[in-house]
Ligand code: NAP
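There is one chain below, alone, in structure tokens, taken in the form predicted alone.
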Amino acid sequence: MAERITMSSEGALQVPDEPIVPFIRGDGIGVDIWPAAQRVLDTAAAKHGHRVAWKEVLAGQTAFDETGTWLPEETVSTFADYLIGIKGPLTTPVGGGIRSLNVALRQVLDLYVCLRPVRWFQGVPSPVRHPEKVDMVIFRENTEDVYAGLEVQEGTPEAKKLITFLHDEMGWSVRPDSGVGIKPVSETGSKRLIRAAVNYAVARGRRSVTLVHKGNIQKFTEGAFRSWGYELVREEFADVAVAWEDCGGDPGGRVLVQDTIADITLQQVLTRPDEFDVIATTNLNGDYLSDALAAQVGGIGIAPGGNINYVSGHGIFEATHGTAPRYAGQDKVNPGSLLLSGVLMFEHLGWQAAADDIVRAMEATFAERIVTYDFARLTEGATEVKTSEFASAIVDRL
């Protein structure tokens, strides 16, 4: 019998054997990748005695065409009521309206963690020599920073008013022909993000958490993010984690919490990727970093993502790429990002065995060089298959 996922009084997800899970098929290539991903997810779940009762909701171009609204209130309320959901890529309106449907969903449901694990699968083409050294999990703050949308357009009365205020009240000089944005980074937002990252590292037996920031320049936003992170570790995690400066780099069996500047991080994840494990960072840094890392292991086409509030229990797992409308309906593109996001969802639900089986089946498929067109053109001796055929190959190996 299909039932809702709920939260216990102790703050743990209560997941029935047949949970109701809302999904958004997605615009563009969503028509191809969703059926492929769903088939694999259903097969793996059934193998372990589970079943998902999928509940379709609308957003993006499909929603606009049917309802005249890009993000219907019914969709938001359904995700809120059922706690856990999954979505394909969405069109972002051009020329007005919601700046980003993805950002809107994250902010409305306060999904403060963007979870982006990055790892390499044997057989997947990579531009780097040792992609196997990349095995990181990024915790990107999801609700603050420049993504909060606090900005004024150059030449508007609002911009003139803000620039005048900054000059008269703060003594700051801003060119009069500037657009101006405000970058909020709060103690609350920073600590809950870093708390989630440390909890994850402890629960998964990870060795370190690296706080990535630009605090050498932005001292009271990103610099504060770093300081609040170390403060949190000392106050809440002293028995299981320790700051670098408190142990000289020898954590003694605890999770080591360290920090690094954002720009040097983008170099070091290329030159010394095996020195990074779990990363906690601010919103914009996390966007840059997660996409740059994805390029090292095959591209954003197989990069999964989850947007989670660990306190309320809400989570939306999503394909991290765009809608690629010119390929829509061709049964051609790689469904890996959406499928691996489903794996993340299964892990979040506690269905670890089903999640592990999908990963092993994908590894076996890639190892045999059975790939969609994006990898086939970069892989010697590849067997190029359609989106649906790639799903069939994975199902066969389940």
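All values derive from a computational prediction rather than experimental measurement. Residues carry their position along the shown sequence, with the first being 1.
This protein has a second form, the form predicted together with this ligand, left out of what is shown; the following refers to that one.
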Exactly one listed stretch (346 to 354, 333 to 341, 41 to 49, 362 to 370) reaches within 4.5 angstroms of this ligand in the predicted bound form by non-hydrogen atoms, and it is 333 to 341
Report whether the minimum heavy atom distance between Arg226 and this ligand in the predicted bound form is within 4.5 Å.
no
Any non-hydrogen atom of Asn285 within 4.5 angstroms of this ligand in the predicted bound form
no
Contact with this ligand in the predicted bound form for Gln218, defined as at least one heavy atom pair within 4.5 Å: yes or no?
no
So, Ile29 and this ligand: in the predicted bound form, are they within 4.5 Å at any heavy atom pair?
yes
Select from the listed residues Thr320, Asn142, Thr75, Thr265 the one whose heavy atoms reach within 4.5 Å of this ligand in the predicted bound form.
Thr320
Residue among Ile300, Ile261, Val202, Val134 with a heavy atom within 4.5 Å of this ligand in the predicted bound form:
Ile300
If you look in the predicted bound form, which residues in 361 to 398 sit within 4.5 Å of this ligand (heavy atoms)?
Tyr373, Asp374, Arg377
